[in-house]
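Quick setup: one chain, the form predicted on its own, written in structure tokens, and binding and motion questions come after.
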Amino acid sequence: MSDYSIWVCEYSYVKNYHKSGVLYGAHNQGFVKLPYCYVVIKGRDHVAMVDVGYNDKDYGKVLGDRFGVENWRNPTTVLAEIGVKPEEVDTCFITHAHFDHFGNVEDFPNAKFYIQEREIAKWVWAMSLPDRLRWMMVAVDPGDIVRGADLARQKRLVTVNGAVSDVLPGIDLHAADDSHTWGSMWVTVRNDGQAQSQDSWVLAGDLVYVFDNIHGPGAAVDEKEVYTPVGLAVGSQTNLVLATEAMMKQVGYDSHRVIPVHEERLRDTFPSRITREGLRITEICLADGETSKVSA
């Protein structure tokens, strides 16, 4: 039995994102399309999200324009394609505090947010540094960090330290410190509810951008995976590789079950459709009794 449905919902995209940000060392390999997405996890008793995108206004819009983001749509429009309203979301897991993941908390008024304590604390520290050190803030809206602190004031922000099991039934959080960001994390959905699950999905955040981070661009078909880390990291590529190994181990080294939300080629692996807004909905799995949101 499957307890949760999982959809990857595209809310905007960058048509030409330099591949060196996606894949470490890919300086001469051109550009790729980079979907901007969040994930919806819908169960019998909960509607949860992994990340919340950004709001296309103020400094969020400045960053979106700087990165070349196109076709932004708000959560009301995007989530309607799977029959969900933002007000129905009760839990949001923030994998890291980059603007395109943590920049739209205000659109989810009834949600409680989970983030690694190290993640938000280190961005406060980074904000305090002299401007000559601002490279590390390249993808962060300081306003998002301030809004995160206000969520804490409202008792709607839960800061966690390391791994947490069953934060919702069958859903676990896992930390990857000093990797893509100071306190990145991934979300594991054990869709049969068992401790040693045979039906787990790993929602990787930005610890894995594309399939090539797992399979390696030079790995032969008959070889095992050769991990190649994400290019953009305030921590280390070594920690990204170790996090990839930990994620793969959780799913029995079945790379099909590690979901990179920035991967355009999810469309070739899972059922999907393009919405009237020109954005893709990808259906990872369906809970028992749930109807497909991508099939006619």
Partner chain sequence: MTLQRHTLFDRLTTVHRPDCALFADGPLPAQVMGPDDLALRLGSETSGRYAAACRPVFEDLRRVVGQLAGLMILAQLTESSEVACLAELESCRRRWAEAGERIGLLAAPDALIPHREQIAAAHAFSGLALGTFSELRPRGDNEAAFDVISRHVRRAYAHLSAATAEKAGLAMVDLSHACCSCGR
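No experiment lies behind these values; they were computed from the predicted model shown. Numbering follows the first chain given and starts at 1. C-alpha atoms forming the largest set that superposes within 1.5 Å between two forms make up the rigid core.
Omitted here: the form predicted together with the partner chain. The next part is about that form.
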(request) Counting non-hydrogen atoms within 4.5 angstroms of the partner chain in the predicted complex, say which of 76, 128, 165, 198 makes the cut. (result) 128
(request) Could you tell me which one of 140, 105, 175, 214 places a heavy atom within 4.5 Å of the partner chain in the predicted complex? (result) 140
(request) Would you check, heavy atoms only and a 4.5 Å threshold, whether residue 23 touches the partner chain in the predicted complex? (result) no
(request) Examine residue 148 and determine whether its closest non-hydrogen atom to the partner chain in the predicted complex is within 4.5 angstroms. (result) yes
(message) Does any part of residue 110 reach within 4.5 Å of the partner chain in the predicted complex? Heavy atoms only, please.
(response) no
(message) Is it the case that residue 226, even though its partner is missing from this view, gets within 4.5 Å of the partner chain in the predicted complex, heavy atoms only?
(response) no
(message) Please determine whether each residue of 80, 85 and 259 possesses a non-hydrogen atom within 4.5 angstroms of the partner chain in the predicted complex.
(response) no
(message) Looking at 116-124, 165-173, 182-190, 85-93, which stretch has residues with any non-hydrogen atom within 4.5 Å of the partner chain in the predicted complex?
(response) 116-124
(message) With the partner left out here, which residues of 5-27 have a non-hydrogen atom within 4.5 Å of the partner chain in the predicted complex?
(response) 14, 16, 17, 18
(request) Align on the rigid core first; then say whether the Cα of residue 85 has moved by at least 2 Å between the shown form and the other one. (result) no
(message) After core superposition, I'd like to know whether residue 126 moves between the shown form and the other one (criterion: C-alpha shift of 2 angstroms or more).
(response) yes
(message) Once both forms sit on the same rigid core, is the C-alpha displacement of residue 138 at or above 2 Å between the shown form and the other one?
(response) yes
